[in-house]
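First structure 1, then structure 2: two forms of the same chain, each alone, as structure tokens.
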Structure 1
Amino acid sequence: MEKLTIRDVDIKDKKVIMRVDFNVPIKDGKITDDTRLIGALPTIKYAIEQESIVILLSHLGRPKGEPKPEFSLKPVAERLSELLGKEVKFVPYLYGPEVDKAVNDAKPGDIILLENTRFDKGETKNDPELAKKWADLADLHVNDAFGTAHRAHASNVGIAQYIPSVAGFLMEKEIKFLSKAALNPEKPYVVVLGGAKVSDKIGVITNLLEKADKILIGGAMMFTFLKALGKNIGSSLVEEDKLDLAKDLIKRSEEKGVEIVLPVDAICAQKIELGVEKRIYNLDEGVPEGWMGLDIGPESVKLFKEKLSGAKTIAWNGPMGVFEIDDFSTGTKEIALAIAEETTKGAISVVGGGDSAAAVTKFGIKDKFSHVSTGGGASLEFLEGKELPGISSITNKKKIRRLILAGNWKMNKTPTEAIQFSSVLLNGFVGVKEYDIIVAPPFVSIPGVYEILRDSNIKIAAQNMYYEDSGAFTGEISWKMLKEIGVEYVILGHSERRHIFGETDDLINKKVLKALEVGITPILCVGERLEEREEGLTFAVVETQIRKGVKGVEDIEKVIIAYEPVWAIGTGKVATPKQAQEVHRFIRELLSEMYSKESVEKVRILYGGSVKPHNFFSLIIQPDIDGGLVGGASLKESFLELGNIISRVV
């Protein structure tokens, strides 16, 4: 799924905490390769141009949870200041008074770099307390560190549990190009794999057998395949325990119609050293004992180039030989140049990070490919088809279900005031088609509001309804009365009806069933009180209300659920995005036990409880929150602001 990016959200005058990858080589206190810093510049520059306060997080090396001077990010702050032409304030702490002061004193456009995230053991353990400390510093989390996307750490995944997380430009590019290679490649699709071990690439080969047309195998891993085929490989590196697996992969490739191409010759030596004697051996004839293959040979280069010709998508991960030594770098360089040439002809070429990226950098041709990944392990796992936690935690751009913005006016606004405000909403929501808008005025105001809104995209809800058609029920309203004045939805089981007026689950269930029977869509409200949450009874309370509330309901997708934590209604308190999503997910999983998964995926679950423009975005982007049932904020023009926020995610 597409992910929200930093350009999709309003970050002007906001505090942005940004996870970047500044894991750069440092010698004698100086950075020897600033490529990763340069890669992060576009996102940082965009944020400061939007007058955001930028708080940067990164790891460096493996300090194993302890502060170590040699792994400090201070040199990074100095070099980054030079690259930006602007001071980057370095704070030698991860949290605490010094960090709070630096953030509070910062002005729009300022940049702060905190100390190495791995100086705290909680980073790699994805400690929620550490993540919350960082989340509390900012309004928004920007993840621009693809190199750590395959790790669930506090600075990339943990923070996203508390504040919205979006992709930076570097992360966006990684997802875009790797998706083209791993998910929906244009055919013909050729994959080039190298490196030392078959075991490192098992998942990739297995996944790509479902997608690739050809898989070209070089590097030391080729000798495991060659030995599995009965070839003599001399003293070449081989994984003896993977011979059966190699045979199986070859067999499966034949069954799938995927061509596995192995080298036909190799450049060999007796030592892995510069300047030693080299010989080229035909691999059908075999490699003598004492000699080891260290690069693919010229005939193999020719063969691989033929197989690459005409490809529309090419993915490359792993060198063809020991490219770090010039004597054994020819195969890797020639294949890199061949892929670059196909790119000029229109092919999409994606180079995995790690050694592959290092190779094209060494050869000075990094800019000849569609994309060179910044993450070795992350790109490998992406090609394997694995779900990367650092990407999963970024907010999806499109919602699965159609969103709802519903306003419950409660006992507010006279009929005259309601008509006046309806005109404001009519003008404010004109032309909106991407989501549903519902307002629930008091009963006496519904006719006037309906006359204003009847031909618009704004629908009318009632705040309650009795389950009998008519009769001696003083003070109650029937469905017939509601339908005649334009009501299409009805709010049932609201916490105020439950706790002030004593409505039971059984009574609410009768109302739900009647609404469905007569074609009015029920909005069933559920939620726990503060003492119930504090006693750990949230899920038990919600489960009881759901099970009893929808008892006898056959078409669950015709019911809208609204989760409203009672302790948050009208109090100014609001559930954190993590708390709200947790309950919404629980509701969906509970319904899946009661109904078909297909039906439940269509059920829309709203959040209600002190929804305001400043907190709505972080709630609405959660995967199982499909809109808001809004109280106080629906009585003002802030209701229009909530609509603008929804527009960003539909």
Structure 2
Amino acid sequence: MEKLTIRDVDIKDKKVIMRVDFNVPIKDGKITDDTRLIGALPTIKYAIEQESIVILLSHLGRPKGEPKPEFSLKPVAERLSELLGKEVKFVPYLYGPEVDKAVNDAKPGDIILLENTRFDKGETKNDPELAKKWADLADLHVNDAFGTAHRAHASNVGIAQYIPSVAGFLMEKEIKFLSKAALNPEKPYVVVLGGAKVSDKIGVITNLLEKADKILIGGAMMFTFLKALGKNIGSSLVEEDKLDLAKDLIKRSEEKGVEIVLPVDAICAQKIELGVEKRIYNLDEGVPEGWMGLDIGPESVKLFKEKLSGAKTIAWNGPMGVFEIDDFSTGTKEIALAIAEETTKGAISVVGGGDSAAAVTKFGIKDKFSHVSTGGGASLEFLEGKELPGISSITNKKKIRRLILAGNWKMNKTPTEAIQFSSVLLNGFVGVKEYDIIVAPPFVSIPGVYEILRDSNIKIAAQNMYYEDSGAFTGEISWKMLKEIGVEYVILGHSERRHIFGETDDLINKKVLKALEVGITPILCVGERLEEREEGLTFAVVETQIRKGVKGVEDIEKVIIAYEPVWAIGTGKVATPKQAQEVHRFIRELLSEMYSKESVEKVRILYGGSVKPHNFFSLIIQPDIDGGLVGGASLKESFLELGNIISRVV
């Protein structure tokens, strides 16, 4: 699923809260390796160039939910200032008055770094209250911390419940390349795995058996496989309890036609130390007792190179030997160079895992690969085919629920004008399939409009409907009449009906139930008045309208809800995307108390109130906003422009 990136949204003059990975090694208050800071610079620089206010969030180490001075991000702020040549204001808190003041005082282009997110217990528990505190500081969340993508924490995942989360450049690159390796690799696809333990790589191997053509296994984990095949491995590291598993993986690889390639020789020693005696043992003949394999041997390097040759995609995770010690680093270096060589010939190469990344850095060849992942655990889980919560939470370019563009014409346009405008819409929306288009003309115009639109993708809504089938109800219209003239949707409980014509929640509820009974989709409108918002009653008002409005409804997914704050209707005062999202979220949570999560996830909640082309995009990218119920802007060609805006996210 393609994700929105920082490039897709307008961040000028916006407050952006950016989750970065500043988990850098610090010794005596000094940063010993600033690679991660450098990695985050492009996104930060872009955001300040776009004149947004940047609030940075990161964890550092494992302070276990309490402030500990040795885990403070203060040294990071200093180093980052140097790297950017610009002040980074460090606020030694995570929320509260100091943070609010710093954010309020900040000007476009300013950068603020808050304290270590893990100083609060809520971070690793993905506490919604903590996430909301951070969301309240900003308009948008930028997620550039791939290293924590396999964790569902408040600062990367929780926060995305409240404001849209978009990928930063680093995250975008990680997703792009890891997807190439893990999801749709170009073939031949060769995977090189190393590291100490088979147990760390079971998930990866299992997943790769479905995708890879060859899996080359080095590192200490090779000995578990070799022993499983009955070879003598001397005193090499082995996971005795994983021998059956290794056998099973070999068997499954044969069934799947995936070639598992094991080393044929190993560089062995009696101690893991620099300068000790080394011997090369052929692995068919075996390693004598007292000797252990610490690197793959020259024949294995040759074999692996042959197997890598001609690959179109290469994923590498885990060193071939104890590369930290120069005596046992040759295998890792040779394989790294071989992968780099294939890259120059056009292969996509992705290096993942902390150790392999450290190895290519040590050898000074980091830039010779298509991509070196910044995430150890995260890249491994990606290769395992797992869904990473820190990626899932980033707003999709395409929305999960089908979006709706609905135009409420209210008491506008005569039947003739309605017909003329319908032709404009018919041509303007021709071929659109990706979202639902609905227009709600006045009753008397519906037949004419239906004549024009009946075979099109534009559906018709009525602006009201009585709940009785027929009878002495002067001035009312029944479902039977509406159905006969092509009506498929009905707007119910619009604030103008509530406040000008005195409709009550009970009456609206009867209409909702009737509409559902007869197969017309109700669009139930809710929303607070200005005085109610000012008195802090927004949620209470909306809750009552929803609870009473859907009373007795069984299939909630058949109802469309429209949140239309009365103070925003026809006034030009649009709710901010954040204000709207907050209420939409609230509505979805409220419905979740009454219905299954599964059905509530399907309910479409529209926003209405001064929707215009200039404000629509930032509204529809909100996680819980599923389209617009538009008044004024639906009467003109601007309605077509709104459609074009929807096309960008569906």
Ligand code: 13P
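Since the model is a prediction, treat every value here as computed from it, not as a measurement. The term rigid core refers to the most C-alpha atoms you can superpose between the two forms while keeping them within 1.5 Å. Residue positions are counted from 1 along structure 1's sequence.
Working note: structure 2 is the copy from the form predicted together with this ligand; the remaining copy is not. For residue 196, the Cα coordinates differ by under 2 angstroms between structure 1 and structure 2 after the core has been superposed. Annotation: Cα of residue 333 displaced by less than 2 Å between structure 1 and structure 2, core superposition. Annotation: rigid-body hinge motion between structure 1 and structure 2, rotation of the minor part against the major part equal to 40 degrees. Aligning the rigid core between structure 1 and structure 2 leaves the CA of residue 410 offset by 3.9 Å. Note on residue 540: its Cα is shifted 17.0 Å between structure 1 and structure 2, core used for superposition.
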